[in-house]
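Presented below, as structure tokens, is a lone chain in the form predicted alone.
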């Protein structure tokens, strides 16, 4: 570890490379986390299958590319497929969790995640996969800093999708209905909003967001059926740090996590990178719990 820190000190360009790579992958984390925040805020359900939605979207995108579809067309294909899956899961499983204890939703969606992992491994295989891209890279600082053009495209697309979703929630009729149900479901129901349809739209929309995020990620990063848990943990941590309904906070928390994770992977070793994410989650939860207790004492 000390030797790696020394390398970073002696080669600032390497630190810049790690920071850029972390920011670029952070946009994918932000998109998945925003979907989790949406479902959590509206339905009070923590979707533990979030990462599996991302993986499935990526695998569908790769399958479409292997059958001759342009990469840009595989993104709406994955989003549409995941929207349909989200609709199906809502009316078969999620609808029975509405209004119940949050622990039930964690158990149920964890079961969905396990089933999805096994089905994806059976259909697509367990190996790491990626959709080939021929965009090339940019080279800076005498080739010490390399930026993949495809990763920049993925970054821009994820940010664009997140902003489009924010516009949809604030400007469209359905988006306003989602916000109304999130704030006061009883009052929204009295005003004629069909809350169950809004819950279904929210969950399906989240699945579509994850599908698009996975399809974009698959063009620049490896995807495999058992990689969903790390995305779920990242999404949960980002939402806890940023808070529900805070798009700006989600983006900054996701970009910060991407950078921190990259540096931790280099300093501690890539084999400890995911362990760092889990450890950071524990630290965040402990800190939030301490902060809430302190606020309660002040109120008393």
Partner chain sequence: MAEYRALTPKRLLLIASLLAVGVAAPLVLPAYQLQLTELLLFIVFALAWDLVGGQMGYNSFGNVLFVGLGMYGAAIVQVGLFYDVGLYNAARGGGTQFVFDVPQFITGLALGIPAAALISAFAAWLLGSLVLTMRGHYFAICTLGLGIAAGQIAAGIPWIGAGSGMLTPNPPEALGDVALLLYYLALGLAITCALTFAWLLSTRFGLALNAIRDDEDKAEAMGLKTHAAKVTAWVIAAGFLGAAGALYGNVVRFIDPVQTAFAGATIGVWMILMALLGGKGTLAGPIVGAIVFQIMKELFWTYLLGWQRVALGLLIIAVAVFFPAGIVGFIRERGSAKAKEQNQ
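None of the values given here were measured: they were computed from a predicted structure. Positions refer to the first chain, counted from 1.
Not on display, but discussed next: the form predicted together with the partner chain.
Asker: Residue 172 versus the partner chain, in the model of the complex: is there a non-hydrogen atom within 4.5 Å?
Answerer: Contact with the partner chain, no.
Asker: Applying a 4.5 Å heavy atom distance criterion, does residue 118 contact the partner chain in the model of the complex?
Answerer: Yes - in the model of the complex, heavy atoms of residue 118 and the partner chain come within 4.5 Å of each other.
Asker: Should residue 161 be classed as touching the partner chain in the model of the complex when contacts are defined as heavy atoms within 4.5 Å?
Answerer: It does not: once the partner chain is placed as it appears in the model of the complex, residue 161 has no heavy atom within 4.5 Å of it.
Asker: Using heavy atoms and a 4.5 Å limit, would one call residue 184 a contact residue for the partner chain in the model of the complex?
Answerer: Taking the distances in the model of the complex, the answer for residue 184 is no, it never comes within 4.5 Å of the partner chain.
Asker: Could you spot which one of 127, 114, 88, 146 gets a heavy atom to within 4.5 Å of the partner chain in the model of the complex?
Answerer: Of the listed residues, the single hit is 114.
Asker: Just to be sure I understand the contacts: of 165, 205, 220, 97, which is the one whose heavy atoms reach within 4.5 angstroms of the partner chain in the model of the complex?
Answerer: Checked against the cut-off, the match is 97.
Asker: Kindly indicate whether 46, 108 and 286 are, all three, within 4.5 angstroms of the partner chain in the model of the complex, using heavy atoms.
Answerer: Yes, the whole candidate spot contacts the partner chain.
Asker: The partner chain isn't shown here, but in the model of the complex, which of 151 to 159, 172 to 180, 118 to 126, 70 to 78 has heavy atoms within 4.5 Å of it?
Answerer: Careful reading of the contacts points to 118 to 126.
Asker: Using a 4.5 Å cut-off on heavy atoms, which residues of 267 to 281 contact the partner chain in the model of the complex?
Answerer: Going through 267 to 281 in order - heavy atoms within 4.5 Å of the partner chain in the model of the complex - the hits are 271, 272, 274, 275, 278, 279, 281.
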